[in-house]
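Form predicted alone, single chain, as structure tokens, below.
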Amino acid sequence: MTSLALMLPSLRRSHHMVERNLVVYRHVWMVIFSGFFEPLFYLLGIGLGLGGLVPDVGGLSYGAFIAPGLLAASCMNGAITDGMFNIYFKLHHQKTYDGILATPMRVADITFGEMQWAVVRGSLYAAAFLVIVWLLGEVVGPPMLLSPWAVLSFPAAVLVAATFSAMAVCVTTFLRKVQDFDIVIGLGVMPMFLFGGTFFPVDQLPDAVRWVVQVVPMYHAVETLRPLTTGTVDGSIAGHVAYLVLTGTAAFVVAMRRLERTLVK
């Protein structure tokens, strides 16, 4: 029990990382919202613009169909920005964590604190995106939040942000040079965004491709959020939620252990 307790992060100490990031971003707060605009532009340009030329998808307007996928993308953007880019530069260039470890903070506290901050950023994107989706549906139409279940889409989005945050921190521990970001974004993030069910039903893909898509986190994020915003909730959502929880937990454990090897020598 004692060794396990030593491995687990302290909520109190890890919260200090969130406070530190709040202080750092206090004077550049607009940077925090930069990642929110990409999915918003996709919603306006494709969901409402191109959507006017696209027939209904499974009885849903095209805007209502892609909105939950873009909500998942908002969570992913926040997680990647803080869970990957910022942590990489703190780890390899600024040496921020070397100084922090001279305090009572441990690697587990740093890892969990940085993940919390990435979740906060992803959750801010999700909340703002949901408000915009609701306003556009009310003012411009057609509605894109079609069910009372939509009130649960925000806590579900927080779970999605947590999973992507843990995965982003985990992936960052494997990066050795700035050019590695191109591989992660080009071969990981972008294919998930395009083929994970955001813009079209996954069952339209060939079987071989569909099976690959169904094991990536973006697919499960979209399949968790879309039933909530459209009112098509059934038992399958539990499997998608379980995938996100287990994947996020596993990614956090791997990230914590790899950071331990890098920082504690």
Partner chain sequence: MEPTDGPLIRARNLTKRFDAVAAVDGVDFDVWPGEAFGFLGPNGAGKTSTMRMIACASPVTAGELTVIGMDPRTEASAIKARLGVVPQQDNLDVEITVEENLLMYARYFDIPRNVAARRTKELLEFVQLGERRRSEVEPLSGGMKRRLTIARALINEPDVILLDEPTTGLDPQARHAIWDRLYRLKRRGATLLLTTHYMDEAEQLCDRLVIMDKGRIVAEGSPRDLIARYSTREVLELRLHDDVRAGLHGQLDGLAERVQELPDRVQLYVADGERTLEQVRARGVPLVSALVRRATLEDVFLRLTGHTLVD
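Note that the structure is predicted; figures quoted are calculated from it, not measured. Residue numbers count along the first chain shown, from 1.
From this point on, the text means the form predicted together with the partner chain, which you will not see here.
- Partner proximity in the predicted complex, defined as non-hydrogen atoms within 4.5 angstroms of the partner chain, places exactly one of 171 to 179, 190 to 198, 102 to 110, 139 to 147 at the interface: 102 to 110.
- Remark: Lys95 counts among the residues lining the partner chain in the predicted complex, judged by a heavy atom distance of 4.5 Å or less.
- Heavy atoms of Leu8 never reach within 4.5 Å of the partner chain in the predicted complex, leaving it off the interface.
- Using a 4.5 Å cutoff between non-hydrogen atoms, Ala242 does not count as a contact of the partner chain in the predicted complex.
- Interface residue remark: Val23 is counted as part of the site for the partner chain in the predicted complex, having a heavy atom within 4.5 Å.
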